[in-house]
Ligand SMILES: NC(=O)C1=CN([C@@H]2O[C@H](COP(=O)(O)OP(=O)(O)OC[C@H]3O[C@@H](n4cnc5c(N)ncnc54)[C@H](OP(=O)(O)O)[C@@H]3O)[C@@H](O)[C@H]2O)C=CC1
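A single chain comes next, written as structure tokens; it is the form predicted on its own.
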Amino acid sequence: MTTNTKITFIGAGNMASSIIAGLVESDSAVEITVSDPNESQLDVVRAQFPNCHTTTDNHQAVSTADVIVLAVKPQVMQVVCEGLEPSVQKTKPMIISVAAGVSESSLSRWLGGELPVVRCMPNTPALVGAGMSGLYANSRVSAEQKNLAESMLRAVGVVMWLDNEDMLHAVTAVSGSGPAYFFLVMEAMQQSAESFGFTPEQARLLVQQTAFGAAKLAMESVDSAAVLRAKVTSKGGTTEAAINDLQASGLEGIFDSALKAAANRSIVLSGGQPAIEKS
């Protein structure tokens, strides 16, 4: 990113703030503008990022932008885009949408067409700089613009480019919704730990540090998850007893069914029909 790159965020919610924080912490010398109709939300931005420009006027915010990040709820995206259409058709900036379920074709149509559009499916760990984002670019996005979009999202985590927009439904199912699956597992483990007699604080520490350690070990190891599991599963031991119980309960099938349900729901929310069959 060059020192004169101008990035405008439409919407000042958590995801916008996390990306801005990543850009600021990475010392990216860009000019950032944030537009939101809620002054109290803008007050939060001003307090956290005093060097950012803020406004409630979307047209003013995008008038000189090189990149526009659409960080509004999917249900208001059409109204927001149609309102921006006169301005963006004059300057032709790159559009980055972080809204789930809103297709590139819809975004392009609402914005007047012939614009470089990148769809991004981030997840909530982006709030702590540990996100996973799937990206899809339409044919109007140049190599330079792809590099810019990637640099922006790398400021809050890891990026994966997709050649097929439909794969964003799968990204939604695996990583977009994925943190909630791990939180559910952690919640269940904490409840079980408390049943042994640990206090809630003790149970939380035991589970959270174990989850963190397992994730860190997996990230830093060349071994697959299956190999790592085998390494800590001694024949006839306590871990094997637990694993056998989980597999007897159909854990793999449960997760496969859950992820496919999430992907199908993503398809429905984007206006399509469920197309992924469960095993």
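A residue's number is simply how far along the shown sequence it sits, counting from 1. Fair warning: this is a prediction, and the values are worked out from it, not measured in the lab.
Beyond what is shown, the protein has a form predicted together with this ligand; the following relates to that form.
Colleague: Which of these stretches, 72-80, 87-95, 201-209, 143-151, has heavy atoms within 4.5 Å of this ligand in the predicted complex?
Modeller: One stretch meets the cut-off, namely 72-80.
Colleague: Is residue 33 one of the residues lying within 4.5 Å of this ligand in the predicted complex, judged by heavy atom distances?
Modeller: The answer is no: residue 33 has no heavy atom within 4.5 Å of this ligand.
Colleague: Please run the contact check for residue 111 against this ligand in the predicted complex: heavy atoms, 4.5 angstroms, yes or no?
Modeller: Output for residue 111 is no: heavy atoms all beyond 4.5 Å of this ligand.
Colleague: With the partner left out of view, is residue 41 within 4.5 angstroms of this ligand in the predicted complex by any non-hydrogen atom?
Modeller: Although this ligand is absent here, residue 41 would touch it in the predicted complex, with heavy atoms inside 4.5 Å.
Colleague: Can you tell me if residue 58 lies within 4.5 angstroms of this ligand in the predicted complex, counting non-hydrogen atoms only?
Modeller: Residue-level check for residue 58: yes, a contact with this ligand.
Colleague: Are all three residues 105, 116 and 271 in contact with this ligand in the predicted complex, where contact means a non-hydrogen atom within 4.5 Å?
Modeller: No residue of the spot touches this ligand in the predicted complex.
Colleague: Consider the chain as shown here, without its partner, and state which of 127, 155, 159, 99 has a heavy atom within 4.5 Å of this ligand in the predicted complex.
Modeller: Answer to the contact question: 99.
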